[in-house]
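Next up is one chain by itself, shown in structure tokens, the form predicted on its own.
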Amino acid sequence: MLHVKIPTRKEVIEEEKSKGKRIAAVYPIHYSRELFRAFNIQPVEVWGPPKTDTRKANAHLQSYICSVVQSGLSFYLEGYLDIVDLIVVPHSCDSLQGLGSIFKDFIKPKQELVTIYLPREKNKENVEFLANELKRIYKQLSQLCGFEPDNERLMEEIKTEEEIDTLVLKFYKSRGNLPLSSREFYTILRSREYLPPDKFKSILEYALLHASKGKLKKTGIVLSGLLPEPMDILDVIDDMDAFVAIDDMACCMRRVYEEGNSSDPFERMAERIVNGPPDPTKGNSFDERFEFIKSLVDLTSAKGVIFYNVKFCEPEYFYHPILKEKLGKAQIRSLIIENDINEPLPQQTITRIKAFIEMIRELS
């Protein structure tokens, strides 16, 4: 076990604001951290948060909207985002696009509202589309902040993010050598959602210094879905003498992007997102999703895949039947469960997870 002191979101917000920086509350999933940081804006992501009272959001949302969006809107309506200067809503899915429309047309927050239209599939045309979308946001931020970062400044921030992505991949590949529980591992990894890059990098480097030469003698699992909430699922897996060897989660691995190639900063930022890991919200093919998950299994010698789906998340649901079939044909066992981030992990779900781990351990 490592003793790593990770600041809270509130502590980070207060510290960054004391330095004169603006704070952007960013909803899921894909956006360019580097673009905002070039304007001295610190992104702080809003993945819910879990265990939020969603009653205020119920006046604006249908009951079948996922709990991430329900919680995210309620969090704003309760006043917890009053401290931020911008609200950023990527149009990652229908529910998030609806959230952006609610902010724009009905609630009309006092903060600057930034929406991001994300293209689907990997091709040159979509890179061009997203580059133009990022240029539009650049102009919006320029008007807000009163200055225009030059290309050199943008490339500096881009390369910082690329270096961190490389370090995150190293962190993943060292998972089996790190004396961390699954909860500890993901607490560190997800601190990227709000930490400045220098602080996040120093935490990762410290953790990697403590990697041992021996492998964890536990059953490895690939965890897929939006996010590991409630995080009790990680404790359940660990209690079964297993561990999350790697993930296919929107909040984590699906946002570890490769280096871009273009010397134009807007095209480079767009390349990184468009050409990133396959994601249901990006409309990647079934084959791309299958090959990616299979590559994670092969990389870590994981014994099975758990699809941990947020209730009512249609993009994730759409892929499950085909992925489960393809994994089965490849002799990779999988389990599909759903959760609400505002509710405790049901005992029935815990029992299913335990039974699944026992099964794959016996069959391996």
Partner chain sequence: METVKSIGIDAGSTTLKIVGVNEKGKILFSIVEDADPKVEEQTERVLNKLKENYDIESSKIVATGYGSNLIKADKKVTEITCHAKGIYEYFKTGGTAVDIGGQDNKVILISKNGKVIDFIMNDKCASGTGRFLENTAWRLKIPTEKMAELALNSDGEVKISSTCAVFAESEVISHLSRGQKLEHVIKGLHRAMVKRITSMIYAVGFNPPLMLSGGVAKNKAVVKMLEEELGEKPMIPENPQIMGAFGAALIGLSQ
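From a predicted model like this one, the values you see are computed outputs, not experimental measurements. Residue numbers count along the first chain shown, from 1.
A second form of this protein, the form predicted in complex with the partner chain, is not displayed here; the remarks below concern that form.
A.B. asks: Check 333, 338 and 359: does every one of them have a heavy atom within 4.5 Å of the partner chain in the model of the complex?
C.D. replies: Yes: each residue has a heavy atom within 4.5 Å of the partner.
A.B. asks: Using 4.5 Å between non-hydrogen atoms, is residue 56 touching the partner chain in the model of the complex?
C.D. replies: No, residue 56 is distant from the partner.
A.B. asks: Looking in the model of the complex, any heavy atom of residue 347 within 4.5 Å of the partner chain?
C.D. replies: Residue 347 belongs to the contact set for the partner chain.
A.B. asks: Residue 351 near the partner chain in the model of the complex, any heavy atom under 4.5 Å?
C.D. replies: It does: once the partner chain is placed as it appears in the model of the complex, residue 351 has a heavy atom within 4.5 Å of it.
A.B. asks: Residue-level question: is residue 326 within 4.5 Å of the partner chain in the model of the complex, judged on heavy atoms?
C.D. replies: Residue 326: no, not in contact with the partner chain in the model of the complex.
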